[in-house]
Ligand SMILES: Cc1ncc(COP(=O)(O)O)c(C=O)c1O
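Shown here is one chain on its own, the form predicted alone, set out as structure tokens.
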Amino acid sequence: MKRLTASYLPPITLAPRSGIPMHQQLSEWFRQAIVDGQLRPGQRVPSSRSLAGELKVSRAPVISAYEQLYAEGYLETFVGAGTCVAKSIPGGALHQPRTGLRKAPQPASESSTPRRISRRVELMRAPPQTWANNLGAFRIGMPALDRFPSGVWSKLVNRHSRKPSLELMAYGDPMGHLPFREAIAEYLNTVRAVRCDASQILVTTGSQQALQMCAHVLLDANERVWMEEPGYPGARQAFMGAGARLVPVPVDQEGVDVAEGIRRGRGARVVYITPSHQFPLGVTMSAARRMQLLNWATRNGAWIVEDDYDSEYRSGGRPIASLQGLDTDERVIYAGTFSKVIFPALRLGYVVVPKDLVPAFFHARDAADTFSSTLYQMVMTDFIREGHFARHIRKMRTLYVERRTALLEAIQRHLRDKLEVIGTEAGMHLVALLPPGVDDVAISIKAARHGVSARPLSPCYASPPARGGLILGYGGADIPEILEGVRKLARCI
């Protein structure tokens, strides 16, 4: 290789007043010039003394920059030749020279080589969600953060973080902090009629990770999954990410239509359902349908993923018992979250796993991100054990009834001839159907411009529905925000 002389070194521009140390500016300039092809493998660079003289700077920052570039492998020294760009850098892999080192990156469409990503990610891609940018009315899944007992929570956090134990600071059990799992098991046994013990509880970073792990543990590529139609888009993304084939199964007043699922999805390996409070329509799965589904799963060796995302909040009496509690063949994997009952940023959820699947889920959790925050698991353990959790749920249940009533009355006052409300018995949201032919996505986009988060119903369907609608959350908005939100929504519609 013919070595070029140092006289061909491109001009070096420094910014003495930028606040960036001189040695860092120099090392960055050389690094970028080498990557861009302005300095080529084997090309000689000036000695530290001559470069310092040329730039009229002290020799120390030049030496420091060269030492850094030696350590990173960009420069090397040859006997009798001085300092050169490392010959080991592949010249053919470098970019073509550019006129300016700070030029914006080349757009992907103009790239000389394809920039491929997996087809799986393309399938998981969701449309723009402009309605998710607002935190007021009517953002779904948002609890009443203004009523959260932050004083109690802060004291519990301080209790554990003031003098953190080794257990808190070290790597944790992928299954979760054992006292936390014991507290969850006791709560589920008592309140949700879930049959489990702490050994079956797997702590996750929210219900979405729980669904992703279920998909990867239970399914191979191209295996069939029943999905409620309409249903939760996040579940669709989780199962598509595992390469599953989705089978939409319609939902009626009794929940998912099991007979239609059997007809459409023969050989399905997994059924995803929200039986206690169907998302988004809000219906409760009937006892007959539950028995029918459990019997079918047992006969066919299929798994049922029960997503129990917000059924603590039911206005007409106690919450509906879980499907998992009726399962005698351990076919149900039960998933829950604390995002709706505490706050979303907590990032704590859980899965109740059949005992023979515990090792598989353990390895899936370990491979995903090892474990959830031990600090928050310890804090939540105390929050449950000391009675704060039960008190908070009771208060929020009353509050959400008040907010739902205010929303229904406001819709009746301003939009009774435009919206048909369904799904008002439980949870933190309701569905308002629009007149036939009205584009719910367009209404949502228009509402978002006015600061109203009205999620469209149609993206919850695999194919366009006969009638669109809006999903209106009332948990995270106080009554004045709800009333103003309905007035704005009326103007948009």
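The model shown is predicted, which means the values in this text are computed figures rather than measured ones. For every residue, the number given is its place in the sequence shown, counted from 1.
We do not show the form predicted in complex with this ligand, though everything after this point is about it.
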Give a yes or no on whether every one of Gly206, Tyr232 and Tyr272 sits within 4.5 angstroms of this ligand in the predicted bound form by heavy atom. yes
One residue of Arg264, His414, Arg347, Arg314 in contact with this ligand, assessed in the predicted bound form (non-hydrogen atom, 4.5 angstroms): Arg347
Contacting member of Arg290, Arg365, Lys340, Arg403, with respect to this ligand in the predicted bound form [4.5 Å, heavy atom]: Lys340
Just one of 168-176, 303-311, 80-88, 282-290 has residues with a heavy atom within 4.5 Å of this ligand in the predicted bound form, so point it out. 303-311
